[in-house]
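Consider the single chain below, provided in structure tokens and representing the form predicted alone.
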């Protein structure tokens, strides 16, 4: 095993370590490794699991030095963010924000600064933890993830990227290279709220709201469930047709909106109704 830096020393099973400089190189290595290879894309979730030996890759492919995976492209209608761009870079405004204020706000709420310095947008999206911030936010933003495999490049809407919790649509030897987010209009409104005991713990409930009447987009998404983030279709359509008045956004009303989500316990129902009410108020009360 190649020796890692002191920050990464841990009690793990033996593995080979490969550092790549380009996305294509990572794909080639993974194609040779088969199922034995695992991507390191920040490591804030993977490293603790390796330390606990709940994840035991035979080959660790480190994307940390892959220059092309940190590329950022801003166009008139969209912003494309490289998969290895960190939460801290987004928080600090080093990435053009396609929905004014939303991306830095979400990034700032992720754990603590040490995690945000190392954790990456693509790593979080591909870890597919239902309680993580980016899967919920990116679905609400109608984002598209670009992936690269030996067969070439493909683009997958985030709404179709999560078949199950901790599961993605990525194929063997395929990696995420960038995430594309449409630019909002000046009329766009958004709200994001999560219920959590401490900043370092997983969210008990997440609600994200994006409403952009000029683009004809309204989406309400819940995260933090035992399944992938859920788009509340009926609620989204209702908001698209008739945005709520601030005084109509009540906890009781939001509880009724959650009838689309089956099998919520009373405690979970309260948490989600509260998160949804706060996200809606942020979006429409201003």
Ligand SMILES: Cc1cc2nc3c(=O)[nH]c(=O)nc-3n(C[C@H](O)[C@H](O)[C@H](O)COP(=O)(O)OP(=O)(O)OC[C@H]3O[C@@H](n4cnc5c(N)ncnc54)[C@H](O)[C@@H]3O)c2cc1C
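If you're wondering where the values come from, they're calculated on a predicted model, not measured in any experiment. Residue numbers count along the first chain shown, from 1.
What follows is about the form predicted together with the named molecule, which we do not show.
For the candidate set 158, 181, 205, 110, a heavy atom within 4.5 Å of the named molecule in the model of the complex is found for exactly one residue, namely 110. Checking 103, 138, 81, 126 against the named molecule in the model of the complex, a heavy atom within 4.5 Å turns up for just one residue: 126. When the named molecule is considered in the model of the complex, residue 118 lines it closely, a heavy atom lying within 4.5 Å. Although the partner is absent here, residue 200 lies within 4.5 Å of the named molecule in the model of the complex, judged by heavy atoms. Proximity of residue 176 to the named molecule in the model of the complex falls within the 4.5 Å heavy atom cutoff.
Taking the partner from the other structure, the named molecule in the model of the complex has no heavy atom within 4.5 Å of any heavy atom of residue 220. The stretch from 220-228, 234-242, 45-53, 249-257 that comes within 4.5 Å of the named molecule in the model of the complex, counting heavy atoms only, is 45-53. When contacts are defined as a non-hydrogen atom within 4.5 Å, none of 99, 191 and 211 contacts the named molecule in the model of the complex. Residues 38, 39, 40, 41, 42, 43, 44 are the ones in 19-44 with at least one heavy atom within 4.5 Å of the named molecule in the model of the complex, listed in sequence order.
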